[in-house]
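Heads up, the chain below is alone and in the form predicted alone; it's given as structure tokens.
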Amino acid sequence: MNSTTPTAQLAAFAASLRFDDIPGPVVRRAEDLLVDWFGSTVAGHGSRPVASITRFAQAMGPQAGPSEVIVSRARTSPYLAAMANAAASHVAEQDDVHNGSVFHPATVVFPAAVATAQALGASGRELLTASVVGYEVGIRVGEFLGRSHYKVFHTTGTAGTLAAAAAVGHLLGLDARQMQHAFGSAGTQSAGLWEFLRTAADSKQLHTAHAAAAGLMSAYLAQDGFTGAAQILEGPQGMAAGMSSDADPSRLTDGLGTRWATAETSFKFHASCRHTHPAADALLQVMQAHRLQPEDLDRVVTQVHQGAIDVLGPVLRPATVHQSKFSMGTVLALVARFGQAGLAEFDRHFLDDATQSLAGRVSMELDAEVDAAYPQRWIGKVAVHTLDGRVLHGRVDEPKGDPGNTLSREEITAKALRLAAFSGGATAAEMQAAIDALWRIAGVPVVGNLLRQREVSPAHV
């Protein structure tokens, strides 16, 4: 293998990173992201698509195993636990996002890494290191694939497969050559298309389930000597060739070991597609500054980037709660009515007449400034037309949850507790105990259960 290619350099970094190489603030951010992911995973309890994937995993796998299925409190193989937990953490639309890569790292990295760490008896430091590896690799692959890729492909399903492979490969102790083989196997399995949004299909949870499980499998296969394409990313018949028209190989090695993309990752405040958040925050700004009520609004025009139009545009009349989270009109209507678009607001009010009426008066327009800044910056701009004839403008340069407007540990904890309370996936006491333990994960000698085990019927996952 040529050790100088971008894929080889990325693989060498993934194989060689050590805990002591990671700056303290980045370790702290990894802990924050882990707790945030755990809350989103528990929030998947009771979701129909998550229940389907979880039942499949439990039917296909051993009835007992080393790795935890969080929503069912069952135990199974690392492969199937990663699959189930990845599905669970990507349904509430509260998992993290990296702006520049338009990629949700947590939902593919942590399910694979936690399941493997539990199977291996790895330490908390080893889990955190592997997770940072997964973030750094997945984010760079997403950036490499570019905006053209995201127009058709769900980057979390594609780049996410390599992110999971990197995290698991690090836990398995793969060397640089083996890691490159793992990347090759992961890349050839990368998948995930946006077409599902048009018909409110369940595919988004399948994307993350497949990415986490396939990435894990790729790493285990590489450990066993299985080979993969050496240049699966930038090769003439690799991922970029088939999935992108603006791929930039320099992004694969950008600042390896000096630029910590993990710390650039944003948290999600609203329980909706991240493309809606900048406009939602800008609308809230206008309504609070001018003391507006929903009944004062005539129409709202959002100035957005092309990626928002590509993803949100196909959702015209949302038929399900999950599909409504990809409707700019629905999200802004809920924000105007309740001051936030959380799980309860979607679940109880997305089909209300008041929500539907206001949603129909929200439109998106491509804005040159917003589009030029994307994806590095997600600017929110709105023009609010009131019934008394005013046009009020709002602008947000860093939506709530971005690194410059981030969530505190208290806010992350409160968010996780809210998610668990909504889903019923854990009691407040169970959730608080689990969160307290996760904040101390770096000092844990062996990663065990994240939630206390108790009997839960598979029919109620």
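The shown structure was predicted, so the numbers you read here are calculated from the model rather than taken from an experiment. Note that residue numbering begins at 1 and tracks the sequence as displayed.
Another form, the form predicted in complex with a further copy of the same chain, is not on view; read the next lines as being about it.
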{"item": "Candidate stretches 202-210, 322-330, 95-103, 294-302, one within 4.5 Å of a further copy of the same chain in the model of the complex by heavy atom", "value": "202-210"}
{"item": "Non-hydrogen atom within 4.5 Å of a further copy of the same chain in the model of the complex for each of Ala74, Asn405 and Gly424", "value": "no"}
{"item": "Single option in Thr155, Ser266, Ser185, Thr129 placed near a further copy of the same chain in the model of the complex, where near means a heavy atom within 4.5 Å", "value": "Ser185"}
{"item": "Position in contact with a further copy of the same chain when the complex is considered in the model of the complex, options Ile232, Cys273, Leu358, Leu283, heavy atoms within 4.5 Å", "value": "Ile232"}
{"item": "Contact test in the model of the complex: Gly61 vs a further copy of the same chain, heavy atoms, 4.5 Å", "value": "yes"}
{"item": "Contact of Ser52 with a further copy of the same chain in the model of the complex (heavy atom, 4.5 Å)", "value": "yes"}
{"item": "Pro78 within 4.5 Å of a further copy of the same chain in the model of the complex, heavy atoms", "value": "yes"}
{"item": "Proximity of Leu174 to a further copy of the same chain in the model of the complex, heavy atoms at 4.5 Å", "value": "no"}
{"item": "Sequence-ordered residues of 230-249 touching a further copy of the same chain in the model of the complex, heavy atom within 4.5 Å", "value": "Ala230, Gln231, Ile232, Gly235, Pro236, Gln237, Gly238, Met239, Ala241, Gly242, Met243"}
